[in-house]
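To begin, one chain is listed below as structure tokens, in the form predicted alone.
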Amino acid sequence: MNHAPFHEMMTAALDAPLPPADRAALDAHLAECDDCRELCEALNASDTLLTLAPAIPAPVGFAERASARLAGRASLARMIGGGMMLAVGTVAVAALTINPLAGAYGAFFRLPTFLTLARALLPFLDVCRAVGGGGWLALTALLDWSAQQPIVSAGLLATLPLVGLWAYWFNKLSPKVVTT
């Protein structure tokens, strides 16, 4: 016999009176089933103890401290997970960038198996999309965290000119295509 509906009726009866048809079905079942009757008595005893127990107020500032701690954990987890995805994405982009610098794309596109290879790359593109989403999560978590840490904000601002300098030199040193 399935006792789950009667267990649900027992817990519902603790909160509010049951409809007459449900109450009659529960009473009939409790008259026949010793296990459910014991469970019902235990539930009623627990409910009575909880009702009679004095309510103790939470310490001052408990909710704020708990919320801040949970938010900090979630932010850290997002930052670590997103950072790992960003690192994987960076490696993937670097691997894809090396090939055109070596001049291999021209020969690659002339291969007759290019379409077959392109179909095989579709799962990789799905991974890239997921990595991009992870990168966005990492960036937002990093910005949320760095807004609270002035030294980190200063470090991030100091890296911007370095990235610009790297982009400038990368452009200068990249091979140029000469057409004759």
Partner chain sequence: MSDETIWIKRARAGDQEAFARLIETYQTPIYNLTYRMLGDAAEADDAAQEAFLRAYTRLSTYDSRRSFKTWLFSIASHYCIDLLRRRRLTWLSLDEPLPSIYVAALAEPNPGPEEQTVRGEQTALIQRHLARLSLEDRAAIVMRYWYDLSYEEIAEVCGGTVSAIKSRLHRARLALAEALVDERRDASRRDVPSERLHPPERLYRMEAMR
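Values in this document were obtained by computation on a predicted structure and should not be read as measured data. Residue numbers count along the first chain shown, from 1.
The same protein has a further form, the form predicted in complex with its partner chain, not shown here; the description that follows concerns it.
Trainee: Residue 65 versus its partner chain, in the predicted bound form: is there a non-hydrogen atom within 4.5 Å?
Mentor: Taking the distances in the predicted bound form, the answer for residue 65 is yes, it comes within 4.5 Å of its partner chain.
Trainee: How about residue 14 - does it come within 4.5 Å of its partner chain in the predicted bound form, if we only consider non-hydrogen atoms?
Mentor: Although its partner chain is absent here, residue 14 would touch it in the predicted bound form, with heavy atoms inside 4.5 Å.
Trainee: Does residue 123 make contact with its partner chain in the predicted bound form, using a 4.5 Å heavy atom cut-off?
Mentor: Close contact is absent here: in the predicted bound form, residue 123 is far from its partner chain, nothing within 4.5 Å, heavy atoms only.
Trainee: Answer yes if any heavy atom of residue 46 is within 4.5 Å of a heavy atom of its partner chain in the predicted bound form; otherwise answer no.
Mentor: Yes, residue 46 is a contact residue.
Trainee: Going through 43 to 61, which residues have a heavy atom within 4.5 Å of its partner chain in the predicted bound form? Please give them in sequence order.
Mentor: Contacts from 43 to 61: 43, 45, 46, 47, 49, 50, 51, 53, 54, 55, 56, 57, 58, 59.
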